[in-house]
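Read the single chain below, which is given as structure tokens and is the form predicted alone.
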């Protein structure tokens, strides 16, 4: 009976395993193998050399791009989490279930349009002669250079990740047992103490997951740093494009991609440990 149950469970898991093998593990292994290949006469030749790794990891421009990408992704995750929390708190505790459902629906609506289209719209808004600088000019400020800068790239990152972070935080906060909050109030806890000792620990998983999703999306994003950040300084995603254009160096681009995936795996595993780790 136990063997039959195990076989039945394996059959149901088989489609997922096949899907992951074909569309994730297989391409990942191919990319790792490609990082050791050689390019001769603009054609890739299967080989096993460390020249690509040595060339990329010993170049200052790679580590500059790595630091810029890591810093911007971390900043985007922190800003998105901080900006989203008041809205998520209001959706979870101040609105009725019906109103919350509609609010979450409208948060999903931006995903109905292309992310690239939204970034192009920000190009118009952030330009020196755009509406934002015009409004600031009326109060005697500006014009400020927001387009083709780190500020523009960060606006694009938040455009991408903020709705998702609000949704994840709202689900986590709405799932908190209200009896815990009432018990804290009955014991004389102030609103601030209730927030820090009851609400945040109870919603820890959702808050961390939202921040991690924001980090992952911002870390691998190409559109915002290219169209709003001006590609200067370049991020790792832009470095991949530049590397492939330079003599069809796909193996060197694979090195950059493998480093990005390794970083994301490390951050994801650390976040899972922090989210589901045992409370002290």
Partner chain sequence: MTKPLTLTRRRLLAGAAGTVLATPMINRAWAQDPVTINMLAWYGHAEPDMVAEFEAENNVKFVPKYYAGGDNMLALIAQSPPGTYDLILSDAEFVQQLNAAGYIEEMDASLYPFDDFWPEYQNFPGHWVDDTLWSVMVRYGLLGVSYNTDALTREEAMSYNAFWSPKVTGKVGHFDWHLPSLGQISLLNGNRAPSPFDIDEAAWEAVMEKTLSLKPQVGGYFDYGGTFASLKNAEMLAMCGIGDWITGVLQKDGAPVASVIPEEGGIQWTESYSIGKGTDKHEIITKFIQYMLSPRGQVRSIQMAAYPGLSPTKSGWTAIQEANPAEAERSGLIEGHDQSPIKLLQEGRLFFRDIPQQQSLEDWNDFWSEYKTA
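Being a predicted model, the structure only gives us computed values, none of them experimental. Numbering follows the first chain given and starts at 1.
Separately, the form predicted in complex with the partner chain exists; it is not shown, and the next lines address it.
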Position in contact with the partner chain when the complex is considered in the predicted bound form, options 219, 213, 227, 53, heavy atoms within 4.5 Å: 227
Which of these residues, 186, 190, 129, 96, gets a heavy atom within 4.5 Å of the partner chain in the predicted bound form? 129
If we define contact as a non-hydrogen atom of the residue within 4.5 angstroms of the partner, is residue 249 a contact of the partner chain in the predicted bound form? yes
Although the partner chain is absent from this view, report whether residue 47 comes within 4.5 Å of it in the predicted bound form, heavy atoms only. no
Using a 4.5 angstroms cut-off on non-hydrogen atoms, would residue 168 count as touching the partner chain in the predicted bound form? no
Residue 147: heavy atom within 4.5 Å of the partner chain in the predicted bound form? yes
Given 147 to 155, 197 to 205, 106 to 114, 81 to 89, the stretch touching the partner chain in the predicted bound form at heavy atoms within 4.5 Å is 147 to 155
Using a 4.5 Å heavy atom cutoff, which residues in 31 to 55 contact the partner chain in the predicted bound form? It's fine if the answer is none. 41, 42, 43, 55
